[in-house]
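Shown below, as structure tokens, is a lone chain in the form predicted on its own; questions about how it binds or moves come after it.
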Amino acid sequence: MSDASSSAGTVGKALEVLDLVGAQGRPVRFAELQGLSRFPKATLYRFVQTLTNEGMLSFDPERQTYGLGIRLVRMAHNAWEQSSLAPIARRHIEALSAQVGETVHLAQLDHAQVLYVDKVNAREPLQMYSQAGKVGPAYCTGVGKVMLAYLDEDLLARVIEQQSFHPFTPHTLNTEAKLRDELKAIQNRGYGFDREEHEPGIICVAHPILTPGGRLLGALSVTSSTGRTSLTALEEFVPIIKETANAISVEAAQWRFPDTHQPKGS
């Protein structure tokens, strides 16, 4: 094995350990981590010690637990500032939420998942899964589906292969065929819906954020519940949602995400 391949493998395994610690949502003891990990005890211990020494994990000697380290917090903040739409979009989604009186989500694709990069709560907040920093399924969320609808076919095929199609609710699109039909409908009308597909009672209308050349940057949605509104009512917000998406796109192109996309045939 080459040095480059070995290094990449080592880095990947270390990141796997970080993901495993982070996924627990709380500090964990080494024995618990060992029970969750695929690595032998000695290998896992070596990774944990190295990550702790580098500040990527923190160790509490009193409780004998490991958690995500402060260095990761700094890196996450830098990533939020440099790589996400959130700093650009914040004032726009705040204005949108204030105007419509509902929760607004801002999301980007993270491989085959949806990463919620920002969220502005409604005047009367709802309890729901989505929070900034969380990941969710692409095939059954409004923001996820509108982003999938604007991927090129090769990338879309790879992303669809990674979807679980788990039926979260009776309304979940639980096959590739159903999802592809939905994506065609989204392309035709330019926006999409969440029809209680991920969480019972939670609905939304979503719109992609595209550069003028058609490159996907992310998506935003206006989200509410069936207890206080309907999809028909949310659909009335499409013009202002589209206007907000376009404003974010323009500012992104001017500041951090220049449009280098070349239309087909150019």
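Numbers follow the displayed sequence, beginning with 1. Take the two forms, find the largest set of C-alpha atoms that superpose within 1.5 Å, and that set is the rigid core. Just so it is clear, the model here is predicted, and its values are computed rather than measured.
Not pictured, yet referred to below: the form predicted in complex with the DNA.
By the criterion of a heavy atom within 4.5 Å, K13 is counted among the residues contacting the DNA in the model of the complex. Using a 4.5 Å cutoff between non-hydrogen atoms, Q64 counts as a contact of the DNA in the model of the complex. Although the partner is absent here, A42 sits close enough that one of its heavy atoms falls within 4.5 Å of the DNA in the model of the complex. Among residues of the shown chain, G22 is not one whose heavy atoms approach the DNA to within 4.5 Å in the model of the complex. Only one of 198 to 206, 215 to 223, 232 to 240, 46 to 54 lies within 4.5 Å of the DNA in the model of the complex by heavy atoms, and it is 46 to 54.
In sequence order, K13, R29, F30, A31 are the residues of 13 to 39 having a heavy atom within 4.5 Å of the DNA in the model of the complex; the partner itself is omitted from this view.
With a cut-off of 2 Å and the rigid core superposed, T43 has a Cα displacement that reaches or exceeds the cut-off between the shown form and the other one.
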